[in-house]
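The chain below stands alone and is given as structure tokens, in the form predicted on its own.
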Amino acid sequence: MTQDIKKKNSAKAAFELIKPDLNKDSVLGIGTGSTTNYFIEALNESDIEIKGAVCSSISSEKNLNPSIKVIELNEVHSIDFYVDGADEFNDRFELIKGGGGALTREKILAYSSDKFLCIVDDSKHTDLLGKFPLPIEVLEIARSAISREMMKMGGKPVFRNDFITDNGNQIIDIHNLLIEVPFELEEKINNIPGVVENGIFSNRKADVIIKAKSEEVEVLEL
């Protein structure tokens, strides 16, 4: 079974899981990335009526069926379900996200959601986060200073060329960074002046991991 099929199976399983709880007053949070696009596809093909969707990126908004209303987070009290993928996850449901560059908005939506469902294939599992380079969204003026701080922590910063986030900022990807205590490192990095947000999701981890394997889709809950 290909990785794309696993992604699609995970996304479809997530939609079927929340479908019974969706109604005309429901607000969906939708993330960004290839796996999330399969969730959007399932949503577009359904006849479910919801209040609308809050998206973590312009690209996800564009992929939505025009019949589904795009809502700004400021217009709603909370998000009922937030569905998004991950670049890595561990057994404590801590994540690394941001390969698509939408980590700041993704983290905002995750924090604003009642339930965060993370849709992945089994290749994303790891015992220790950090094999996937950690994305950090930064203000341009602070990029080099932040990179030097990350080198002090043992990481190798790589500027993401020709990429600007939907917030108008830049991203550096930190390779070879040892993430032994994700919660502490997430806060430490965010305390560096000029950091907008980093891709460690530990303070607000996933509530549900929907993991596609070759034989089945497994639903894991904390």
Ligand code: 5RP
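Treat the numbers as computed from the prediction; the structure is a model and nothing was measured. Note that residue numbering follows the sequence shown and begins at 1.
Although it is not shown, the form predicted together with ligand 5RP is what the next lines describe.
Visitor: Against ligand 5RP in the predicted complex, would Gly33 count as a contact residue? Criterion: heavy atoms within 4.5 Å.
Guide: Yes, Gly33 is a contact residue.
Visitor: Examine Glu137 and determine whether its closest non-hydrogen atom to ligand 5RP in the predicted complex is within 4.5 angstroms.
Guide: Answer no; every heavy atom of Glu137 is more than 4.5 Å from ligand 5RP in the predicted complex.
Visitor: Give a yes/no on whether Lys8 approaches ligand 5RP to within 4.5 Å in the predicted complex, heavy atoms considered.
Guide: Contact check for Lys8: no, nothing within 4.5 Å of ligand 5RP in the predicted complex.
Visitor: Looking at the partner-bound form in the predicted complex, is Lys124 within 4.5 Å of ligand 5RP by any heavy atom?
Guide: Taking the distances in the predicted complex, the answer for Lys124 is yes, it comes within 4.5 Å of ligand 5RP.
Visitor: Which of 107-115, 148-156, 71-79, 84-92 has heavy atoms within 4.5 Å of ligand 5RP in the predicted complex?
Guide: Comparing against ligand 5RP in the predicted complex, the contact stretch is 84-92.
Visitor: At 4.5 Å, heavy atom to heavy atom, what parts of 84-115 sit next to ligand 5RP in the predicted complex? List them in sequence order, or say none.
Guide: The stretch touches the partner through Asp84, Gly85, Ala86, Asp87, Lys97, Gly98, Gly99, Gly100, Gly101, Ala102, Leu103, Glu106.
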